[in-house]
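One chain comes next, on its own, written as structure tokens: the form predicted on its own.
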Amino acid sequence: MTQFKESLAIEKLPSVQGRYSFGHLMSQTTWFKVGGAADLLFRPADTVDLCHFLKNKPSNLAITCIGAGSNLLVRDGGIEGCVVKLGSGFSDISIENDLVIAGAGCLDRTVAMKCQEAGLSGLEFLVGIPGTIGGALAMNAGAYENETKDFLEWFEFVDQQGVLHRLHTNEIHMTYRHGNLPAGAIAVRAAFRCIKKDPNEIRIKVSDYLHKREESQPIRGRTGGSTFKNPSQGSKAWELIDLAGCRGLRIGDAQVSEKHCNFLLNLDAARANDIEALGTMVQKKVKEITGQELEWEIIRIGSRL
């Protein structure tokens, strides 16, 4: 990892209200509990602090933004440059009639529960997605036939020059598991248009979604959520993986879940390389047996050892 060290030799990091952590082990941050170190982790205090940092950072310092680390595989060689992680300064939720405005650092589940309390329907599906609103925007997260874009009114982001922007839904083209945000954008806040309904009716739906997730997914394991996107042909990724005989397949301590075979698990001491190699093996077997290609849904970043 040389880029960050070179940038320090040229320029200094700006003073910030948030926190810098040097050599941060990403295995402490990701749900897989794997991954090498980031040269620098920056947790901005708020949007103003983030803008200030981006405007004044060393010009050759690479920036990578992450959310909750749930849908993320950081490779064993770690991440060059600076990883930006949004925290409590980006977790405010406010409600204006049927408009829900949430910071990008809010957990999806927290937003869903807040809507339930307010009698606002539409975002119930978020209760089963283990990530943040920023992540939901970046990948147009979805579940139970709903997607983030279906309720999005507008979102705000900071560009790599530290300038704050707002885009409305009709100004971007979100597709299946693709937010299509502007290159380098760091989402900081979003507004969702919901529908007023009986809170009890919403509570029943939320409880049903939580029950289905508990019954069908290995949510207590070290996992990254759904590994592959469902193919456009209409097949389910898990069905293809099962058909290819990959349920329970292992490389070291990396395993295809026997409970839901579109989930990969770190049973104990797996490395990122084991998990990625297992995913690649699954792709190959599915292609050989079914003729269909699986595309990663989990984001893989960093360098290999």
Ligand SMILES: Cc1cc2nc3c(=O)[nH]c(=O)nc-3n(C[C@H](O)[C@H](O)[C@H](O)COP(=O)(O)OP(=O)(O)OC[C@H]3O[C@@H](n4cnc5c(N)ncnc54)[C@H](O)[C@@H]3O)c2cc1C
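Only a predicted model underlies this, so the values are computations on that prediction, with no experimental measurement involved. One-based numbering along the sequence shown.
Beyond the structure shown, there is the form predicted together with the ligand, which is absent from this document and is the topic of what follows.
- For the marked spot (129, 223 and 263), a heavy atom within 4.5 Å of the ligand in the predicted complex is present in each of the three residues.
- Checked against the ligand in the predicted complex, the residues 152, 72, 82, 111 give one hit for a heavy atom within 4.5 Å, which is 72.
- Of the candidates 37, 65, 51, 251, 65 is the one whose heavy atoms come within 4.5 Å of the ligand in the predicted complex; the others do not.
- Only one listed stretch (135-143, 197-205, 113-121, 228-236) carries heavy atoms within 4.5 Å of the ligand in the predicted complex, and that stretch is 135-143.
- In the predicted complex, the ligand sits within 4.5 Å of a heavy atom of residue 219.
- Taking non-hydrogen atoms only, residue 191 never approaches the ligand to within 4.5 angstroms in the predicted complex.
- Proximity of residue 102 to the ligand in the predicted complex falls outside the 4.5 Å heavy atom cutoff.
- A residue is said to contact a partner when one of its heavy atoms sits within 4.5 Å of a partner heavy atom; residue 181 meets this definition for the ligand in the predicted complex.
- Taking the ligand as positioned in the predicted complex, the residues of 285-299 that bring a heavy atom within 4.5 Å of it are, in sequence order, 297, 299.
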